[in-house]
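You are given structure tokens for the same protein chain in two forms, set apart as structure 1 and structure 2.
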Structure 1
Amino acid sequence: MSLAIAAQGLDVGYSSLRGPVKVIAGLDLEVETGTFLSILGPSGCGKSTFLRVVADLLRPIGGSISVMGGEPRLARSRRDVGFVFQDATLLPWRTVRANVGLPLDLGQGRLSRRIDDRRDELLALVGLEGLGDRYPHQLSGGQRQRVAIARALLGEPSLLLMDEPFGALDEITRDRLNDELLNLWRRTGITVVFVTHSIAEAVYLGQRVIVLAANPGRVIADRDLRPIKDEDARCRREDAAVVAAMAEMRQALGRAA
């Protein structure tokens, strides 16, 4: 079994006026390569903070973490990690295609093919073919989120971190993007770590769901969902086993607050 993420006794904090504040304490978490992991937890428990550590945007203050078999810094320099933030964070003065290519312009890209081909291929992958010349204000919220996903995939990451990427979307669009994301995950075999406040979304997408508790952030529930998914890693939202898993996660979240 190879691990995409291995955290041991991880402590993460921020400095405040009153000194350092520990947000995550003693977090142990192993994520197998190729897994789709959902993370649930109350607001402020440290979900985004954990993703920042994995993406090497924040240094832990204690414990250890390895990402794709090495230091987070190494994974970052190899472009092994893609990040989709909660708000699409597109640059309004750039076209869709130029937004997707942003990491290249920032000198972070690792390209296996011609840039233009690759960008258009990614836009097609997320269902935005033909919209490359538009500007962000000419897109719907769901389309902007897809641009952000295409951009995160540009460096061909083996680990994709998604921080509430569909939180601002209507339920129908969200359901559709959930299915597109699952298809993409199946096709590429990459590891996905997906933070959400939606229990239904976490259970529908995840092969595994963990629940983090607050003050300090730590894992209080860890559920393998593969037994309730079919051989294609699919499930139906209304299946009794899926509904039961959702109820279980709701209880865990009740304990986490």
Structure 2
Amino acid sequence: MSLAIAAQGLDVGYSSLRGPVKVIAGLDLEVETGTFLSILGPSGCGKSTFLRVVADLLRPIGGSISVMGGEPRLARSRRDVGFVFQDATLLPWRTVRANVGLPLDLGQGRLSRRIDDRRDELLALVGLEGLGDRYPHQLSGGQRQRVAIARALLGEPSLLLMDEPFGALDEITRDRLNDELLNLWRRTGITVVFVTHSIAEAVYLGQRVIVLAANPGRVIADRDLRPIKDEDARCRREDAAVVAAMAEMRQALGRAA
């Protein structure tokens, strides 16, 4: 079994006048390569913090974590990890194509491998073919998030981290992007770790869902959803087994608060 992420006894926190404060404590988690993992949990439980540790944006204070078989900093230097935030964070003065190509302009020479210019290919992959010359203000919220996803995929990462990327979108747009994300995941074979506050979204997307409790952050529920999905990892939101899984996750969130 190949692991994209392996955390053992992971502690993450910060220093205070009263000593270290742990946001995450003793986290043990393994994520198999090629899987889609959803993470649920109340505010302050360390969901986003965990993604930042994986991306080497934050250093742990204890325990260990391996990303794509090595230290997070090595995975970052190889550009093995892509990150999509809740806000698309596009530069308003750059076109769509230029925003997707931003990694080509920032740090290309400092990376451990060369990035090919695949902007138009990626725009087609996320359903934005022909929109490369537009500017962010000319796009809908869903389209801007597609640009952010294309930019994250430019370096051909093996692992895609997504921190509530669809949280600010209306329900219809969100559902459509959920389906598009699943299609992209199946086509690329990439590992996805997806943070959300939506129980329905977590269950619909994930092959597996974990629930984190707060103070400090720790895993209190871990559910394998593959048995309730078809061979393409799809399900219908109204299926009885899916509804039951959502109810189970809701109960876990009640314990996590």
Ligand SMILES: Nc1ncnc2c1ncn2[C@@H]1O[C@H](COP(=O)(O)OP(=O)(O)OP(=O)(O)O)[C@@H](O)[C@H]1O
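The term rigid core refers to the maximal set of C-alpha atoms that superpose within 1.5 Å between the two forms. Each residue is numbered by where it sits in the sequence of structure 1, with counting from 1. Here the structure is a predicted model, which is why all the values come from computation and not from measurement.
Enquirer: Does the form predicted in complex with this ligand correspond to structure 1 or to structure 2?
Expert: Only structure 1 fits here, because that chain is the form predicted in complex with this ligand.
Enquirer: Hey, does residue 9 budge by 2 Å or more at the Cα between structure 1 and structure 2 once the core is superposed?
Expert: No, the C-alpha moves less than 2 Å.
Enquirer: Using the rigid core as the frame, report the C-alpha movement of residue 20 between structure 1 and structure 2, one decimal, in Å.
Expert: So the C-alpha of residue 20 has moved 3.5 Å between structure 1 and structure 2.
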